[in-house]
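Quick setup: one chain, the form predicted alone, written in structure tokens, and binding and motion questions come after.
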Amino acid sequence: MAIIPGEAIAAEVEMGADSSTVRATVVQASTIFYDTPATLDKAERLLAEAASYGSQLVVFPEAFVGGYPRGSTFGVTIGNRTEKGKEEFRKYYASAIDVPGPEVDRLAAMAGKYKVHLVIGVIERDGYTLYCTVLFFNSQGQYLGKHRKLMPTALERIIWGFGDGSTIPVFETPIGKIGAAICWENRMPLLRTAMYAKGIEIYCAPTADARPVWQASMTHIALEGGCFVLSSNQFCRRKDYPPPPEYVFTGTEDDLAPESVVCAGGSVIISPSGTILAGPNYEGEALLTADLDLGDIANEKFAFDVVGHYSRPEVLSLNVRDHPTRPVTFTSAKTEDSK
């Protein structure tokens, strides 16, 4: 596997940046599907390479650990689930990770070893429900928390659960305030507003959308939020998934060769002014790196602060329920007796 550094490493990244500048890398690479240990090994190789560029923040794509099941239907039609589809879900479930769990511990150790802040998409297993989740780690090797995708798109709703308001964090770190929204939930204006209200400065957008129109959304968010946007997508060929009949791209399998591109990437880094700092890359697996001058945020907020002087709260307001939602709550007798 060849990792191709983004052109921004040479053209747009300068050594000796001041303390208000953060060097960031977005990873564009594929999962090793159905093989989580091998995917973690690959993540470490990529993290080590990004660290060798002096990166302080590294962002991985949506569902990098556990895999994005592109092309699969899991045998679902309304009113029916096939036995083969159930077996596919069983294997997919086995590839997911517990949070917390040993894989989270390993990712934390990687972040500490290479002294980088790490944002990475995973498939989280909680009981027998899966969630499309982003995990956050600091450069001391500490797990900070997670964001669960609020609204899976289309057939994703069959295989992933729904996040709630308790996992929309923005973490204050030494390199800035960092949060994430996953793929099409970036198109949810109220979710974005909640993140802006938390003061997000480095807005991570792991995705599975490689269409050119995705770039318009990323540019709009950078301008709207007055923040840096780091969008990371996988670049995958058919050969990166198991071969048929073990894994089938429904409706397109007959048209695909092993080298056929099934996700073209498009990873990108954009400044608060809408300037593209690195990418988009549609050529192959790549590391795209750029320096983020956090002073640019004040420059842009001077003209437009969406949750500040431009907000008009007497006309428009948003209420966010940020407590966990649970289907069952137990109240013990001991708790009752202590009242």
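Being a predicted model, the structure only gives us computed values, none of them experimental. Note that residue numbering begins at 1 and tracks the sequence as displayed.
Another form exists, predicted together with a further copy of the same chain; not displayed. Remarks below refer to it.
Visitor: Please determine whether R45 contacts a further copy of the same chain in the predicted bound form, using a 4.5 Å cut-off between heavy atoms.
Guide: Contact with a further copy of the same chain, no.
Visitor: Given that the partner is absent here, does G161 sit within 4.5 Å of a further copy of the same chain in the predicted bound form, heavy atoms only?
Guide: Yes - in the predicted bound form, heavy atoms of G161 and a further copy of the same chain come within 4.5 Å of each other.
Visitor: Spell out, yes or no, whether the shortest heavy atom distance between E156 and a further copy of the same chain in the predicted bound form is within 4.5 Å.
Guide: Yes, E156 sits close enough to a further copy of the same chain in the predicted bound form that at least one of its heavy atoms falls within 4.5 Å.
Visitor: Residue-level contact is defined here as any heavy atom of the residue lying within 4.5 Å of a further copy of the same chain in the predicted bound form; does A96 satisfy this criterion?
Guide: No, no contact at 4.5 Å.
Visitor: Residues in which of 72-80, 113-121, 134-142, 231-239 have heavy atoms within 4.5 Å of a further copy of the same chain in the predicted bound form?
Guide: Careful reading of the contacts points to 72-80.
Visitor: Please state whether every one of the three residues R23, T31 and A109 places a non-hydrogen atom within 4.5 angstroms of a further copy of the same chain in the predicted bound form.
Guide: Not a single listed residue reaches a further copy of the same chain in the predicted bound form, so no.
Visitor: Residue by residue through 282-318, which ones have a non-hydrogen atom no more than 4.5 angstroms from a further copy of the same chain in the predicted bound form?
Guide: Sequence-ordered list: D293, G295, D296, I297, A298, N299, E300, K301, F302, A303, F304, D305, V306, V307, G308, H309, Y310, S311, R312, P313, E314, V315, L316, S317, L318.
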